[in-house]
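Next up: a single chain in structure tokens, the form predicted on its own.
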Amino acid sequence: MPIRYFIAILAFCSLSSAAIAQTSLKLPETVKVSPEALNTEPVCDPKIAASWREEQVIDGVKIQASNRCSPDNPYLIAAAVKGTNNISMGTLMETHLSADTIIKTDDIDGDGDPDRIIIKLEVMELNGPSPDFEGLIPTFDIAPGIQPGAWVFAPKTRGMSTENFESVRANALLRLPSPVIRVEQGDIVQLVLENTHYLPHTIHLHGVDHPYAHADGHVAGGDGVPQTSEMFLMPGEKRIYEFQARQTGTMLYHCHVQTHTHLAMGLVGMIIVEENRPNNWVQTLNVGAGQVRHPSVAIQEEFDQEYDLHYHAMDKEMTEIIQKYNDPRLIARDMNRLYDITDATEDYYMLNGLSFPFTLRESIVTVEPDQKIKLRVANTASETLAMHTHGHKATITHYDGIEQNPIAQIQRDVYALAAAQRLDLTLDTTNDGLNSYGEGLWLFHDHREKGITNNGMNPGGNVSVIAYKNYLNELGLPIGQGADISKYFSEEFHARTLPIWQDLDEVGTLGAAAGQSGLDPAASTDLYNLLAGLLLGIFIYLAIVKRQMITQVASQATSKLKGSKGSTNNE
């Protein structure tokens, strides 16, 4: 008897499994996301004037042409070269700079250029919350729809932090990464930090020749470390960091308060000391990094172009801390006491403050055959960078700002940079099969595969291109021969709602199946029914097998219940 019931249950399960199998053979239809449904951004930033790409002279400053889609503001470049005290009011008004942001005076050595430089910096927040409305302000997208909270050193700004009264987008001076500072060897430089933020900060001149304590014996030291050199720079205060660099090279500057979070949040930039030459007016600020459109005299003697390439990465959970609160006490609590960097993972990988596809707007290295290009590369992420150049083997000339012996300078196509390390590379576009493989569009990127993602979504991250001029269109965009990249400029792609292979063939073989998010709803319902039926069958089987025991237990329980009632009545 029990065996017959057990066999019947197994037969029922087999029939149910066969029904599920038949159901699973009925594949759902392929559904496509319509291009009209995408929130797609223009490939080029429409708010940037096309005339900015041209070679031009502003207030006597010669500015190289830019073949990039979204070039730097040439008026800002002119102000960075001459100083805000030496340009016309018309030029200044095109920049958002304060009138005292960059002061250049005193040709101390008499060689035709200023030797006393004053640079004023603020501490600004990007993509932070507002008590006045739901949303972030001022916004800075590193890729479509991706707005990590960030803190940056920014040039002292005139006017609003946003573009205008009708926009929440940050003005062009407020962006990742913190700006590149460029001075000449021997200049007397003052960095004036005005703490316009709600937390304390400092500046540490990483690798830059600077004194430990100020010459006037002021209580605040010069190394930026609160535990050894100086007190915290509190909100509303300012401090002057003065140095006279004796050595050239590619260095860094960064906040040294709670460095594990403040540096990672974006309070870090490159600082470069150029070789001393007569009449050498250098581009003191390179906001956002990228092409140096007014190279120094020493660079022009040896190279055709110069680029600053700043790699950085951020932990999504860390950046979201400042977007939760409008109370600095809660932010300080989460940053300093609750956030554990040892459990952190970096999610956003950026080149010059942007992730692919926005890197194609600003960070393309545009070249022509038979050129020599100077690349200054810095890694301020917490992990080692494995920068790889396709189609080229560049020569490593400097480590951490120190020139290597010529016989020790090596060529590679993967360049390892530890955290806070800098490399100077010479990119030679001579088509000899070693320096260059010839003209084309050649990627360069982090060869740790997570470095080419945005929060795990590929393609993204710090991908950019060495682009030969013949492979750029009239807007400075790569003329690719592969897949259409416009879909990557949509928020839906980065939010993982766009099946990016839906158009590879007419039938949508690799598109999205209707109703598919994990298990198909119909299949999952049948599976649940199968499991429920199986459990019910097992229960029935056990009830039949153990019916005598169940009957006996029930009888005993009934007798005890009757006896208990009789005893109660007698009492």
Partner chain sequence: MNKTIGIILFVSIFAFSGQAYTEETAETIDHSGHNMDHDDHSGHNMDHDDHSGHNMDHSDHSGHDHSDHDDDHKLDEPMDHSMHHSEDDHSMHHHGDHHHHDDSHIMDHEGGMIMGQNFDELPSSCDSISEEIEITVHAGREYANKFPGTVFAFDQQEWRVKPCSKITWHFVNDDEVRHQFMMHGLPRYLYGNGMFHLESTGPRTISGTMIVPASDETYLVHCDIAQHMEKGMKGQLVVGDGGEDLTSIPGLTPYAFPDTYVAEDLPQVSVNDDEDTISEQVTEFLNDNSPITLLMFIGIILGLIIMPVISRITLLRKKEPEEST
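Numbering follows the first chain given and starts at 1. The structure displayed is predicted, hence computed values, not measured ones.
Missing here is the form predicted in complex with its partner chain; even so, the following discussion is about that form.
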Practice prompt. Have a look at 252-260, 371-379, 404-412, 327-335 and name the one stretch with heavy atoms inside 4.5 Å of its partner chain in the predicted bound form.
Written response: 327-335
Worksheet item: Would residue 160 count as touching its partner chain in the predicted bound form under a 4.5 Å heavy atom rule?
Response: yes
Worksheet entry | Distance check, residue 202 to its partner chain in the predicted bound form, heavy atom within 4.5 Å | no
Worksheet item: If you check in the predicted bound form, is residue 122 within 4.5 Å of its partner chain, heavy atoms only?
Response: yes
Item to complete: Report whether the minimum heavy atom distance between residue 128 and its partner chain in the predicted bound form is within 4.5 Å.
Response: yes
Worksheet item: Using a 4.5 Å cut on heavy atoms, which of 107, 320, 302, 242 is close to its partner chain in the predicted bound form?
Response: 242
Practice prompt. Report the residue, out of 197, 210, 398, 487, that has at least one non-hydrogen atom within 4.5 angstroms of its partner chain in the predicted bound form.
Written response: 197
Worksheet entry | Partner contacts for 234-273, taking its partner chain in the predicted bound form and a 4.5 Å heavy atom cut-off | 234, 235, 236, 237, 238, 240, 242
